[in-house]
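Before any questions on binding or motion, here is one chain by itself as C-alpha cells, the form predicted on its own.
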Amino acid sequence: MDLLLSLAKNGVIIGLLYGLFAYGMSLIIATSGVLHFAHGLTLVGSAYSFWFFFQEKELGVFVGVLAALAVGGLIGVLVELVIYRPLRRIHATDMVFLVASLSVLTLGQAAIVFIFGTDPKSVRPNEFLRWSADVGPFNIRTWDLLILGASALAFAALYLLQRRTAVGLSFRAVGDNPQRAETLGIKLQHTYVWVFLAGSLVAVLPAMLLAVQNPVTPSMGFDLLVKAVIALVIGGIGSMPGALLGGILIGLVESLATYKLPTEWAEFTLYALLFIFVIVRPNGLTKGALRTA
C-alpha cells in the first residue's frame, strides 16, 4: 500500500507539471484557435536558457530565471507576429497553421542542436535541491514542493488575470466570439500578442522545473508536447480547467501503471487512455473552447 500511495503522489506531481504546460497551451488555443504545437519550442528554449545562464555561466538562479522568462516570452510572441499573424491575414486553413507550427518546432530544435549539440545538459543539484523528508508513506522532495508552489502560483495568477484585468477579459471575449469582441473595441491583434506572451510564460515554469531534475535535451519540448496534447484531449481542447485535470489524470495513469506493469508499458497505457477518450468522449472531461483560427 505504501508503494501505491508513493506512486500516486509521484503521479500527481508529474501530472501538475504536465498540467502547467498544457494550461499555457490551452490558454492560447482557447483565445486564438491555433493548435500551437510550437509551444514545445518555448519549453525547450526556456530550459536551455535557464541551464546556460544558471549552470554554464554560473550567473545565479535569479539571472537564469529572468533569462528563461525572457526567451520563453520572446519565442511565443515572435511565433505569433512572424508566423501566425501573416497566415491569419491570408485566411490560411487550420491545416496550414498546424504545419507551420510543427515546422517552427522542428526547425527550432534543429537550431538548438546546431548551437548546443545533442549531449544532454544537466544542472548540478545543490543542497537545497537535494533536500527530502519522509512524511508518513510519502517521500517529499524539494522538487515536489517547487512544482506544488509553481502550480498554485500560476493557476491563481491566470485566474485573476482572466477575471480581474482588462487583458484577461479580452482573452475570454476573443475566444468566445472574435468578431463581436472587435465590434466592442477590442483589438484582436493586440490580444493575440498578449495571450501568446502569457501562455508562453506559463510554459517557462515546467521548463525550469524539468531542467533542475532531468537532463535538458533538444527533444524535451516535443516529448512534453505529446503529453500536453493527450491532457488536452482528455480534459477538453481549449478548456483551461480541463488542461489541469487531464494533466493530473495522465500523470496518475502513467505512474500507477508501473505498479502492476513493466515500466515500458506506462506510455502504452497513456495512448490506450487517449484512444478510449477519442472514441467514447471526444469532447473531453470538460467543455472545450476550440474554434477555427
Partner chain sequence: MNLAKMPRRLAALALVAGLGLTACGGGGDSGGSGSGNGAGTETYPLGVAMALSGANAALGQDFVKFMEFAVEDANKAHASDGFEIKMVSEDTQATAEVGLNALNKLATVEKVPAVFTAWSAVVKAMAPASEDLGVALFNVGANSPELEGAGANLRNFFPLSSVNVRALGTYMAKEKGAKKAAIIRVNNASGEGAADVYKKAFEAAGGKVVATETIEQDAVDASSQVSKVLAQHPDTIHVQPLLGEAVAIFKALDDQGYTGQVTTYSGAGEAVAVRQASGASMNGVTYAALSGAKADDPKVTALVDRFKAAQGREPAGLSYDVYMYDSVFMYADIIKQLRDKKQDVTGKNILALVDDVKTFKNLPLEGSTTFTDSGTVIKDTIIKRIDDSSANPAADPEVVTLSAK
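Positions refer to the first chain, counted from 1. For clarity, a rigid core is taken as the largest C-alpha set superposing within 1.5 Å between two forms. It should be emphasised that the depicted structure is a prediction, and the values quoted were computed from it without experimental measurement.
In what follows, reference is made to the form predicted together with its partner chain, a form of this protein that is not presented.
- Contact annotation for L270: none of its heavy atoms lies within 4.5 Å of its partner chain in the predicted bound form.
- Put simply, L105 is close to its partner chain in the predicted bound form: some heavy atom of it is within 4.5 Å.
- Remark: L261 counts among the residues lining its partner chain in the predicted bound form, judged by a heavy atom distance of 4.5 Å or less.
- Although the partner is absent from this view, L17 contacts its partner chain in the predicted bound form, with a non-hydrogen atom inside 4.5 angstroms.
- Per the 4.5 Å heavy atom criterion, its partner chain in the predicted bound form is contacted by stretch 117-125, the sole one of 117-125, 67-75, 150-158, 195-203.
- Residue in contact with its partner chain in the predicted bound form (any heavy atom within 4.5 Å), chosen from L27, L244, I250, L35: L35.
- The three residues R141, F222 and V226 all sit with a heavy atom within 4.5 Å of its partner chain in the predicted bound form.
- In the predicted bound form, E264, E267, L274, V278, I279 are the residues of 264-280 with at least one heavy atom within 4.5 Å of its partner chain, listed from first to last.
- With the core superposed, V63 shows a C-alpha displacement below 2 Å between this form and the one not shown.
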